[in-house]
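Here's a solo chain for you in structure tokens, the form predicted alone.
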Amino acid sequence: MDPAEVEFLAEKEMVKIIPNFSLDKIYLIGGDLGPFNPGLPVEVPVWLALNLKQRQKCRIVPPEWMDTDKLEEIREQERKLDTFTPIPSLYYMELTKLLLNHSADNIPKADEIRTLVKDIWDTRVAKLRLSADSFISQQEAHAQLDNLTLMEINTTRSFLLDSLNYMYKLRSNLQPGRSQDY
């Protein structure tokens, strides 16, 4: 799975919008959306919210977790603990990127939010690299990946797979009476 596919999955997350148009309920394969009434909040998938925002048909309400106080708290927890802290959204990085790129005017303190999310991401990726290094150096066979997002796993997947393959080849060469074809 590449980052574009993870972003595609993130676009299915629900977000509140405040439409400036009227429309009855929309019946889609993924579920019913609406009705849409001017000034009344309604939950829609991110892909629809972005489409309506681009056509100036709505205002996007940022998710509850997209608040500077909550993000600062998450950042501090992430820095304090050695383990990965639970994240309020499995797609926090992708949603932040999508919403801030397309509707920063609807999100208060957008630049500060962008910085906080980037700090959280950097801290978590650094932890992930340290965990992977420890995992490989201790020659472990399996690992538990609690509280990681798809995008975080995706960033280290190729490194881990290559490392584990090399470890396997090295181990099988060290075992007496066993030959390995390459």
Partner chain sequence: MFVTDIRKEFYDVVVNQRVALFVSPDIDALCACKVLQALFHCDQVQYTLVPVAGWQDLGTAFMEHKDLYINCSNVDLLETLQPEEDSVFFICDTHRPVDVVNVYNDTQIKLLIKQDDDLGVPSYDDIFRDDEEDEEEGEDSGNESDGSAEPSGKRRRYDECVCVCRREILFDYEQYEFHGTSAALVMFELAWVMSKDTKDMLWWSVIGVTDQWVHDKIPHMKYVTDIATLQRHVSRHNHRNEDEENSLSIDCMRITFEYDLRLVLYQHWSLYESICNSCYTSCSFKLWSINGQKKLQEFLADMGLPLKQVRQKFNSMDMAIKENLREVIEESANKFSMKDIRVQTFAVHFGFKNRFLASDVVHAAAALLENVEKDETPADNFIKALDCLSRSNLERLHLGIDLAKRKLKAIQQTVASCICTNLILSQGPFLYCHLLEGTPDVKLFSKPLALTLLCKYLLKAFVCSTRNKRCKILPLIMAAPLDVEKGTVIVLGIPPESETSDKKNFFGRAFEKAAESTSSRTLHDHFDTSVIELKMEDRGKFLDALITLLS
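Worth saying up front: this structure is predicted, and the values here are computed from it rather than measured. Numbering follows the first chain given and starts at 1.
A second form of this protein, the form predicted together with the partner chain, is not displayed here; the remarks below concern that form.
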{"property": "Partner proximity in the predicted bound form: residue 105 to the partner chain, non-hydrogen atom cutoff 4.5 Å", "result": "yes"}
{"property": "Proximity of residue 79 to the partner chain in the predicted bound form, heavy atoms at 4.5 Å", "result": "no"}
{"property": "Touches the partner chain in the predicted bound form: residue 72 (any heavy atom, 4.5 Å)", "result": "no"}
{"property": "Residue 87: touches the partner chain in the predicted bound form, heavy atom cutoff 4.5 angstroms", "result": "no"}
{"property": "Residues of 104-122 having any heavy atom within 4.5 Å of the partner chain in the predicted bound form, listed in sequence order", "result": "104, 105, 108, 109, 110, 111, 114"}
